[in-house]
Every structure is written in structure tokens, then in C-alpha cells.
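Just the one chain here, the form predicted on its own, laid out as C-alpha cells.
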């Protein structure tokens, strides 16, 4: 039973993701987390203000169930199935992050310097999270999907736009971590 407390290897989890993508392809569904924000805005009545939100949201109920499952699964995994809260990352990365002021590097999944309740009262943290959230939201809308939609679902469907988007995600991530991140911290 201890296998459930350990991270699953790629040769288990990768084929499971492929199986889910194959099943979604067979029922003509496309998975993506950011599309659920559009669905939730439509449910809340955003269609009265913008034509973008006027669509049959009931056809996307299954995707909302995926979000609910991800939330419940994340909670169970974090609170019931994790025996060690430390994160297995390279010691050099931990040293680099500590030199930038992240003392929680390697000890927590989310850096407490950004995601602790004390960070809510820091102007810089709130500003960076707000700008980051706006950029992610804009990028997801502009690219027609988020990282999960393009990298998992789009590449599974062999879509060229998703390949271009994923290449852009990696270029953006590398530029952020090597060029912008050291300037911010």
C-alpha cells in the first residue's frame, strides 16, 4: 500500500494521461482548464455584457467536473497522501533560490515568500501576483488555450497551433526564469 504515497513513475502516469486523452478524442471532447473560466463567467451571466460568453455552457459541464476532480484530488494528495512535505528539486536550484531570498526552497511546494498569508499584505507580492495573473489570463485567451489545453490536449490531437504555443511557453518560461526572475528578486 506504500506505493500510493510515492510519486508515480512516468511509465505509469504518462500512459494514463494518454488513455484519458484517447477517450476524450473518441467522444469528441477537448480538455483544457482555462476554458472553465469562460464557462463559469457564462454561468454567472457574463453573456449579458459580451458576446464571447454567449455559448452553450451546459455542453462544458463535464470539464467543470474535471476541475472539481482536480481540486479534490489535489487536496487528498496534499493532505492525506503526502508523508513528506519537502520538494525533490536539485540542490543547486535550492541554493540559487535561497540566494534570491527564497528560504522555503525545497521545503514547500509553493514558496511561502509569495504564497503565505503574510504575502497578502506585501505590496510587491500582490503586485507581482496581479500582473502575473493578468499576463497568464491574456496569454491563455490570446493563444486560444492554456498550457494544459495546448500541451496535453492539443498535442494529443496533433495540432500544429498547440505545438507552436508549447514552444512559446517554453521560450517564455526560460526567458522568465533566466532574465526577468533575477531582476524581480
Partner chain sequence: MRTLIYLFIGILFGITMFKSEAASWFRIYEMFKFDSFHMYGIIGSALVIGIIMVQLIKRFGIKSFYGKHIHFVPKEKSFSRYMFGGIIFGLGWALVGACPGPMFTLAGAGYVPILIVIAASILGTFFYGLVKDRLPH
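Positions refer to the first chain, counted from 1. Note that the structure is a prediction, hence the values are computed from the model and not measured. Rigid core: the largest C-alpha set superposing within 1.5 Å between the two forms.
Beyond what is shown, the protein has a form predicted in complex with its partner chain; the following relates to that form.
Its partner chain is not shown here, and in the predicted complex it never comes within 4.5 Å of any heavy atom of residue 56.
The shortest heavy atom separation between residue 183 and its partner chain in the predicted complex exceeds 4.5 Å.
Under a 4.5 angstroms non-hydrogen atom cutoff, its partner chain in the predicted complex lacks residue 101 among its neighbouring residues.
Contacts to its partner chain in the predicted complex (heavy atom within 4.5 Å) from stretch 11-47: 13, 14, 15, 16, 17, 18, 19, 20, 21, 22, 23, 24, 25, 26, 27, 28, 29, 31, 33, 34, 37, 38, 40, 41, 46. Residue 58: CA moves 2 Å or more between this form and the one not shown after rigid-core fitting. For residue 25, a C-alpha deviation of 2 angstroms or more is recorded between this form and the one not shown after rigid-core alignment. Here residue 134 does not count as shifted, since its C-alpha moves by less than 2 Å between this form and the one not shown after the core is aligned. In the predicted complex, the Cα positions of residue 7 and residue 110 lie at least 3 Å nearer to each other than in the form displayed. A shift of at least 3 angstroms pushes the Cα atoms of residue 28 and residue 164 further from each other in the predicted complex than in the displayed structure.
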